[in-house]
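The form predicted on its own is given below as one chain in structure tokens.
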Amino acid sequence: MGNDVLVVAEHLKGEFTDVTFELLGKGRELADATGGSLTAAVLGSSVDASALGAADKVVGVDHASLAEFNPETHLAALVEVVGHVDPRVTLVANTSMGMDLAAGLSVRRNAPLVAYALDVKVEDGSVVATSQLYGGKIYAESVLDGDSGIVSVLAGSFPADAGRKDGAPAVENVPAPASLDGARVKFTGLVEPEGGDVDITQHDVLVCAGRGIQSDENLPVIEELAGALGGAVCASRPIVDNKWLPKTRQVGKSGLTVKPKVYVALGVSGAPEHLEGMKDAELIIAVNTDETAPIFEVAHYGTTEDLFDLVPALTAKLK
């Protein structure tokens, strides 16, 4: 049985996504534990792989039909790469692209697939993946039996910086399968959503408005605190569902994953879907009058004071 680890590199418009570097960092850890090497699979057309310095080598398929993501052509190319590398474990992002590839690869290679993974490690020589199910209500551990397996990893599970390494990995191209020229699925165009007024993933300080703010008329109080902190306002799902803030401000499983230095949760109950999007913030401060609110389970500091008493006083103090 081989001990190599393969990471499927995901890229869009010529740029590798953050989750690619998350997987490379974890892949390096696994390869060191198994005594194997780390390979990055790059599927595309004239893709610059120099950013993948964490990998020992890059194995790719370069073909015009791979210029834009197409589940049919990319799966066919990935099967060729996996057959060439023959890794012990293949790491795929649990994204819209990755979900199109992981299940098909599992069938084509007759290899077990563990999806929605939050962690992957080697224990007593076995590869063990921990998955999050039912919005975080259940955590399941799976051992990948056999000579190889596939793990589909949730974005944000590992630090991306661990996979950002300088270097020039050797690049090896695998011949493109003949089926790429006769693909039935054709890419016609990329429709991008309109940009939001604020990119909450780029802010070091976030103040989150939850159901406890009661009304959109109270948003200015939250915005004033965020301004005093030099941050931005984000929201839990009920705020967005009520159309008090746009979808681009939503944090959680159905929104965005954020990792700010400071996350202030105001009137946020802390449903599993929300916690999934912000639990890795460096400092979490929760304000909720319900002392049993789940948000307190992840908060570093918390208070049950009424936010409408606390926030104006805190804002005045900051100013």
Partner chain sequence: MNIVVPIKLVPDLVEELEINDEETDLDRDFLSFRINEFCDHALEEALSLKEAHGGTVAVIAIEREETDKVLYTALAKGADRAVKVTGVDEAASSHEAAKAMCQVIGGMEYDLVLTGVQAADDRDGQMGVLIASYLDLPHVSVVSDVEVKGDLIAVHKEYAGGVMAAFEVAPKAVLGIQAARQTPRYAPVSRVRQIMKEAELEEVEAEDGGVTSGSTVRRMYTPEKGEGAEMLDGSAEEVAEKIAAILNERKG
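Small disclaimer: the values here were computed from a predicted structure and weren't measured. Basically, rigid core = biggest C-alpha set you can superpose within 1.5 Å across the two forms. Numbering follows the first chain given and starts at 1.
The next section is about a form of this same protein that is not shown, the form predicted together with the partner chain.
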Checklist entry - Does at least one non-hydrogen atom of Val114 fall within 4.5 angstroms of the partner chain in the predicted bound form? => result yes
Next on the checklist: Test of understanding: in the predicted bound form, would Asp145 fall inside 4.5 Å of the partner chain by heavy atoms?
Outcome noted: yes
Next on the checklist: How about Ala140 - does it come within 4.5 Å of the partner chain in the predicted bound form, if we only consider non-hydrogen atoms?
Outcome noted: yes
Item to check | 4.5 angstroms heavy atom contact with the partner chain in the predicted bound form for Glu217 | outcome: no
Checklist entry - Here the chain is shown alone; which of Val171, Val221, Val174, Val128 has a heavy atom within 4.5 Å of the partner chain in the predicted bound form? => result Val128
Checklist entry - Tell me, which of Leu75, Leu180, Val81, Leu245 has a heavy atom within 4.5 angstroms of the partner chain in the predicted bound form? => result Leu75
Checklist entry - Which one of these stretches, 209 to 217, 104 to 112, 236 to 244, 84 to 92, sits within 4.5 Å of the partner chain in the predicted bound form when only heavy atoms are counted? => result 104 to 112
Checklist entry - Which of the residues spanning 280 to 297 lie within 4.5 Å of the partner chain in the predicted bound form, based on heavy atoms? => result Glu282, Leu283, Ile285, Phe296, Glu297
Checklist entry - If you line up the core, does Thr17 shift 2 angstroms or more at its C-alpha between the shown form and the other one? => result no
Item to check | Val205: Cα shift of 2 Å or greater between the shown form and the other one (core-aligned) | outcome: yes
Next on the checklist: After core superposition, I'd like to know whether Val262 moves between the shown form and the other one (criterion: C-alpha shift of 2 angstroms or more).
Outcome noted: yes
Next on the checklist: Quick one: with a 3 Å or larger change, is the Glu297 to Tyr116 CA distance smaller or larger in the predicted bound form? Answer closer or farther.
Outcome noted: farther
Next on the checklist: With a change of at least 3 Å, which way does the C-alpha separation between Tyr263 and Ala155 go in the predicted bound form: closer or farther?
Outcome noted: closer
